[in-house]
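So this first bit is one chain, no partners, the form predicted alone, shown in structure tokens.
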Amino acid sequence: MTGELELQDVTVRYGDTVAVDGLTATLGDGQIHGLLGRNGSGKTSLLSVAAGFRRASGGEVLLDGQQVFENPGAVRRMCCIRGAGDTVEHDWPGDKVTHALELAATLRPRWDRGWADRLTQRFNLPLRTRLGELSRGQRAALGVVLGLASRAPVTIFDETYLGMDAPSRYAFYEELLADQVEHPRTFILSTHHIEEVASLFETVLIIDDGRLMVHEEADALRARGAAVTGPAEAVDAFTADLDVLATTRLGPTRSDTVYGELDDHHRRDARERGLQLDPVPLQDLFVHLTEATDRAHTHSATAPGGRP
């Protein structure tokens, strides 16, 4: 059993600061959703509300039609592992890793003890070590184990695995994907390691300044971005009706990163002009989109669609 999460006009305020501004989105059940945003964009505030950790200042969060906040039935079907790993090392630093796993087993109805044991071995977690003595990478690995083995219908990882080294992160991605095939659930992954995990995403949400900027299927989003490369004049003519996010020049050659629908007419036109069209990695597309928004906000340069 998976879960569909509905965010309805969610707003989060801290005094006069608006961290999340009227965000509405439906996260389909049984899918892996990527949540992207720059530091301070509101990702963690949004996920805290989505998981029922705090009440939204406005709007509501529903899990399969039921209000999440202060709803024990809904909250028990969710697991949110935050950047610190949620390993209770601050509350019970003297407890050992094995105690944290035992506690999770009592709290999580779908806890898979056998998989938890295998994961602790794969990530080389020292079961007898006190939580307060774990390294940053070990705390992150423990958070990953707690989230994966919970098999909660909605499982959220908010930058949890950033403390892990590259081999451990790739092991995490492998375990997540393999289990998703056998036991589908709704995953939300917030990350700055976009290219590492991009292949897992089925949908992508990009938020900026607390507002939803993009929400669509990952493949459709990738298809909207292209790098147009060739003689500067030809590139300029080709991109006249497209949103230009970034421009790079090298002598007479120019490359524009564009965002929009490139139909058969565009592709034929590119061939006739001798231009090369290349896909843009999701991470690069994310950077260009958010940088373009910054330029629009500061008025220090032209907005997307203009010329530098």
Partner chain sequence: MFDERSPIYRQIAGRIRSEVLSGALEEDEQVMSTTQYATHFRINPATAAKAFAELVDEGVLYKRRGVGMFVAPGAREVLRAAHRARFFDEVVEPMIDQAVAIGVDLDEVVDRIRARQASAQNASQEEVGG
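Since this is a predicted model, take the numbers as computed values, not measurements. Numbering follows the first chain given and starts at 1.
As for the form predicted together with its partner chain, it is not shown, yet the points below apply to it.
- For the options 213, 127, 177, 103, the residue carrying a heavy atom within 4.5 angstroms of its partner chain in the model of the complex is 177.
- The contact residue chosen from 133, 117, 95, 202 relative to its partner chain in the model of the complex is 202, the criterion being a non-hydrogen atom within 4.5 angstroms.
- Only one of 169-177, 234-242, 73-81, 143-151 lies within 4.5 Å of its partner chain in the model of the complex by heavy atoms, and it is 169-177.
- The closest heavy atom approach of residue 162 to its partner chain in the model of the complex falls outside 4.5 Å.
- In the model of the complex, at least one heavy atom of residue 222 sits within 4.5 Å of its partner chain.
- Shown alone here, residue 40 lies farther than 4.5 Å from its partner chain in the model of the complex, counting heavy atoms only.
- Contact between residue 277 and its partner chain in the model of the complex is found at the 4.5 Å heavy atom cutoff.
- With contact defined as any non-hydrogen atom lying within 4.5 angstroms of its partner chain in the model of the complex, the contacting residues in 249-281 are 267, 268, 271, 272, 277, 278, 279, given in sequence order.
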